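Given next, in structure tokens, is a single chain: the form predicted on its own.
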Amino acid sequence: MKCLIVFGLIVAAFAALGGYGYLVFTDLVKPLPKPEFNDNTYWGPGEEKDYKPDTKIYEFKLDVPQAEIDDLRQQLNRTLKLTEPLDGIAFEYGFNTYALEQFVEYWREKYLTKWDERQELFNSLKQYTTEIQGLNIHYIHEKASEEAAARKHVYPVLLLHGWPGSVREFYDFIPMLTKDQNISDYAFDVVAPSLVGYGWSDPATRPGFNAAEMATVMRNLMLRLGHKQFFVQGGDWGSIIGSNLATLYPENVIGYHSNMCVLNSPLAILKGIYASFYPEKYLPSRFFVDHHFPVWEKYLELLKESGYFHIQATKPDTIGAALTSSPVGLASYILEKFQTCTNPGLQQDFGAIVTVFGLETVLDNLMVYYLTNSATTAARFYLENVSKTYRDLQLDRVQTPVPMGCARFRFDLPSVTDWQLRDKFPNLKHSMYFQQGSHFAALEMPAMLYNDFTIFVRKLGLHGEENI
């Protein structure tokens, strides 16, 4: 009898433990309701009570004094005290100093001597500034051409960049969206802002400005411009911000298209591990397995390449001081990311950046960070997005009804499968795999990104189109 009682207690204990585990599991994986969120937090200087809103829109034109360009050339003309690479090493230890010397020489002797041409390119798209929540926000605003507007369905689209990118990423992509293209029945009024703390947009003046707050500012910018409903397209941080925008303000988003489809909810992580044992069951083709798997190899690669993330998410002002005080240091730090974001076959190639992106284009992007002194304020965004305040929102577990489209480029950060993505985006309308391309899709493959985005828009059937 005594044995039976002990056995019964053991069974009861295991049953209780199993029941508790089940409750914990279901609580971890269930969708959460949309949190309450303040859509008008003041982020500008001083006290909000002293703030007088300015809702005017001002034209913006880049006009860098020649003295500033001359000063930069003088800084780049100083003797470089760089350490030689190890024998037989290309870019395995970071950005190769022999390559850096060549970049610095080109920057000083070629690029800056034709700065007027580069500045003219920057000014070739219409740009403006306006004040949102106490912050001066810079943005490109290019409307659909008259020819396109006469023949196409025109919708507004918000383009969102990331780090270490800028609005410069979109200079080839934007004309495709606004002009009369034969391959699509749609054209777009494009708004491409510099993110808060990036480029020519003001930084927040107090802690707490995370991706949800960024999404709110971007949404309020679109409302300021008269766009109550619009598309969103983004990669890198732009993907996270776009996802947050579609989650917090679904009434404003017609559709959300991402070229970095990531999801970090507990359920998505568990599904990713499970799918790694049966990958072909959860993918449209066996040819796409290496986009996602092996999971552990992907995680190890992320760990190897995410040192910058850990620095910026913990001590952004420290790395910011080093970068803002040395244009060569800034170049090394940012160029290394572009070198890494080519593809595995080119990462050790001295000509990779020129081949994939073009030297002038990458130096244009570098100049955005130098001229605006935004290395520190851009890096701070990482710390804000690992903060408890942001993590407690758990927005990856909040479903949104917004139609979603996903474009996966072969050498980008590993994305999640459709099986995982539908946990957050049950209205997933479009999913595409590309066997080429990397992280900066708008810069590297603008035509491919344009084609994928317009296919997604058509799939929404806004004008009675049949699904394709």
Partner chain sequence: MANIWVRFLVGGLALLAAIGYKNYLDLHAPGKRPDLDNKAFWGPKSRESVKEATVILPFDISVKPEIIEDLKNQLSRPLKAQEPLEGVGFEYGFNSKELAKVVKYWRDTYLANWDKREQYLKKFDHFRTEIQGLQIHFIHAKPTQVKGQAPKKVLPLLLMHGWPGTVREFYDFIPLLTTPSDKSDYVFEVIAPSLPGYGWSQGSSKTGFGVAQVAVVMRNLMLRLGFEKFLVQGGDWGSLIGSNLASLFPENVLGYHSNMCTNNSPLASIKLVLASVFPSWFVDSQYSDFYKGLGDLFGTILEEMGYAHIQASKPDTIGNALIDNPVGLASYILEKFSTWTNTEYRKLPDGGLTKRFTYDQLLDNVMIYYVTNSITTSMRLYSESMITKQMSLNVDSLPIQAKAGCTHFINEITHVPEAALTNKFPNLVHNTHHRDGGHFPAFELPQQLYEDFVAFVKKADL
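Residue numbers count along the first chain shown, from 1. Here the structure is a predicted model, which means the values were calculated and not measured.
The form predicted in complex with its partner chain exists for this protein as well; it is not shown, and the discussion that follows is about that form.
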Original post:
Which residue, Q181, S326, N136, T389, has a heavy atom that falls within 4.5 Å of its partner chain in the predicted complex?
Top reply: S326
Original post:
Of the options Q127, N252, T377, T342, which one has a non-hydrogen atom that comes within 4.5 Å of its partner chain in the predicted complex?
Top reply: T377
**OP:** Decide if the three candidate residues K81, N373 and E384 all line its partner chain in the predicted complex, where lining means a heavy atom within 4.5 Å.
**Re:** yes
Original post:
Would D317 count as touching its partner chain in the predicted complex under a 4.5 Å heavy atom rule?
Top reply: yes
**OP:** Consider H310 of the chain shown here, and say whether it contacts its partner chain in the predicted complex, taking contact as heavy atoms within 4.5 Å.
**Re:** yes
Original post:
Heavy atoms within 4.5 Å of its partner chain in the predicted complex: does E92 have any?
Top reply: yes
Original post:
Closest heavy atom of E142 to its partner chain in the predicted complex, within 4.5 Å or not?
Top reply: no
**OP:** Please determine, with the chain shown alone, which of 143-151, 334-342, 212-220, 269-277 has non-hydrogen atoms within 4.5 Å of its partner chain in the predicted complex.
**Re:** 334-342
Original post:
What residues, if any, in 271-310 have a non-hydrogen atom within 4.5 angstroms of its partner chain in the predicted complex?
Top reply: L303, K304, E305, S306, G307, Y308, H310
